[in-house]
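Shown here is one chain on its own, the form predicted on its own, set out as structure tokens.
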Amino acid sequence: MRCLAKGSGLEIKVMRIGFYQFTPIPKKVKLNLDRIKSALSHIQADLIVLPELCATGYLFTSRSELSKYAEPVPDGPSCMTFLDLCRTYNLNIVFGMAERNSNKIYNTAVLITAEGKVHCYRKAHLFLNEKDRFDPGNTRFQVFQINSTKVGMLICFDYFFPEVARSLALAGAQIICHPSNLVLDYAQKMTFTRAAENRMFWILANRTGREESGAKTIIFTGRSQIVGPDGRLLYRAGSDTEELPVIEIAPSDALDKKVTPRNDLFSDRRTDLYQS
């Protein structure tokens, strides 16, 4: 993170953020980790977001098969690889993985900071057959600090539930990190709304390619994107391309919750009328 001077003479902190969109090779953990490490070692960035289950791939025939690839946090090979990468290159990375914790298996997003701190979010809203493979997440929707910037994490299908993004916004999140394996064609459109209705930056890191297991085939939609607090598209990847873009943002833009001079997203809320 660095500072750029604006014409007014005020300095605004600028953060370099991005994502890595690629096609993981199913169940080839070391190969995928080596590929990610090689790609990220050539960039200059403050925050990079990787896809959901980026080292293992997505499609598992059973929970017992998945359990062979689930890893502990922070002592598994994925976390250890990213801890080394973050410290070496002064990076903060959010990535998706299968987490083993006692007899539980979670679909987890992990934030590893340049200082070596490790934070976890476990997917709350499991999609389709994930309900047979993973345990429901049990972490709260928390925000974490990267220097002076507050970030929150979601995983894939979590975007469908507006309460999640709003909870993170109310907790102060300026950037949402969203590792995904998206298959629904309209998913990317919905994150424009989530970003705008909470006035937050949104980093959607999707994957590309397809996976097959028996008669089942899943095609992933790519089109990873970064959206600004005003709902404006700042960058979008192709549907089947490997891309590692990095753009500069001012995280403080997400602190302004005014839609008009007389409308503030938070102070205008009518909690007296809402029902849970």
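Just so we're clear, the structure is a prediction, and the values are computed from it rather than from any experiment. Quick note: we count residues from 1 along the sequence shown, nothing fancier.
This protein has a second form, the form predicted in complex with another copy of the chain, left out of what is shown; the following refers to that one.
- A heavy atom within 4.5 Å of another copy of the chain in the predicted bound form is found for one listed residue only; from Q145, T193, N101, N90, this is T193.
- Another copy of the chain in the predicted bound form comes within 4.5 Å of no heavy atom belonging to D240.
- Of the heavy atoms in G76, none are within 4.5 Å of another copy of the chain in the predicted bound form.
- Contact annotation: R199 falls within 4.5 Å of another copy of the chain in the predicted bound form, judged by heavy atom distances.
- Not displayed here, another copy of the chain is kept clear of T113 by more than 4.5 Å at the level of heavy atoms in the predicted bound form.
- From the list 67 to 75, 124 to 132, 146 to 154, 93 to 101, the contact stretch for another copy of the chain in the predicted bound form under a 4.5 Å heavy atom rule is 124 to 132.
- Although another copy of the chain is not shown here, in the predicted bound form the stretch 256 to 274 places heavy atoms of V259, T260, P261, R262, N263, L265, D268, R269, R270, T271, D272, L273, Y274 within 4.5 Å of it, in sequence order.
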